[in-house]
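In structure tokens, one chain follows: the form predicted alone.
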């Protein structure tokens, strides 16, 4: 059989294609079933969290940190429960990653605090001795792009049926509603309300003053996003 295929490269190519296509279907099809749906406790990003996610991507944080916990004991002991496909239902684009210069951040909201992130972004080595991560001082003065985050919310709500302004089931049996504004002004107001809660746990007075003036520094949006990763 193999000798025959070697003598007929066209049929050999067709056989390879069919085999790869079948394997691809086996890999892809389950993601259209129950496993790919949002798991209990997974909720869409708020305007502020989405703005923070954009800050995360803009500064290439995903180049050094993955967001994908593999189902191995060494992984789950360190990072928590392995990742489930449904937990990425609202991630566009996904930030799984394969290279880890730093630790995986899939569930960083479970074990790091706002205060820790603030100090870590200012001076990583002071928080984690020997860290090679650079500091990001500009995040404390640059303003988060709330307009773009709101535009993304409108897009995904329209085309992907993301449940904004609807009850989302949580793991403790309760429900939460992630609000999306009906206008840019309302989106800014919702983001600022959330930013004030984040800034209240921060020490940087300039950041606190900026939020009090109605401004949202990138660091506040980034921390809101990192705190949502659970």
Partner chain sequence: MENRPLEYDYTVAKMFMLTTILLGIVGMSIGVFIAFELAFPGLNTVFGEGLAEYTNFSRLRPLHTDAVAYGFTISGIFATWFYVGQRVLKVSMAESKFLMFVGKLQFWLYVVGVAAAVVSLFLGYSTSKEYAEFEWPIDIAIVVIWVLWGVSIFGLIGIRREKSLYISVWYYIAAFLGVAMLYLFNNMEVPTMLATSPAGESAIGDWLHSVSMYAGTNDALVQWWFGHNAVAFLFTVPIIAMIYYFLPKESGQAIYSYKLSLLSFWGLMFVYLWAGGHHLLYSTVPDWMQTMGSIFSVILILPSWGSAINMLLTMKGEWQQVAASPLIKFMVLGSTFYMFSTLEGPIQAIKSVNAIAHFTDWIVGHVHDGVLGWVGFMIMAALYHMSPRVFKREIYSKSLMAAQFWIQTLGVVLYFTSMWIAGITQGMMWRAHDEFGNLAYSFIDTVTVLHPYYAIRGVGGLLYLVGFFMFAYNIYKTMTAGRAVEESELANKSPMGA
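Think of the rigid core as the biggest set of C-alphas that the two forms share within 1.5 Å after superposition. Numbering follows the first chain given and starts at 1. Being a predicted model, the structure only gives us computed values, none of them experimental.
Although it is not shown, the form predicted together with its partner chain is what the next lines describe.
Participant: Find the only residue in 192, 64, 168, 39 having a heavy atom within 4.5 Å of its partner chain in the predicted bound form.
Facilitator: When its partner chain is considered in the predicted bound form, the option within 4.5 Å is 64.
Participant: Does residue 177 reach its partner chain in the predicted bound form if we count a contact as any heavy atom within 4.5 Å?
Facilitator: Result no; residue 177 lies far from its partner chain in the predicted bound form.
Participant: Using a 4.5 Å heavy atom cut-off, state whether residue 212 contacts its partner chain in the predicted bound form.
Facilitator: No, residue 212 is distant from the partner.
Participant: Does residue 96 make contact with its partner chain in the predicted bound form, using a 4.5 Å heavy atom cut-off?
Facilitator: Yes.
Participant: Hey, in the predicted bound form, does residue 78 get a heavy atom within 4.5 angstroms of its partner chain?
Facilitator: Looking in the predicted bound form, residue contacts with its partner chain include residue 78, since a heavy atom lies within 4.5 Å.
Participant: If you apply a 4.5 angstroms heavy atom cut-off, which residues in 206-230 are near its partner chain in the predicted bound form?
Facilitator: Heavy-atom contacts within 4.5 Å come from no residue here.
Participant: Is it true that residue 214 shifts between the shown form and the other one by 2 Å or more at the Cα, once the core is aligned?
Facilitator: No, the C-alpha position differs by under 2 Å between the shown form and the other one.
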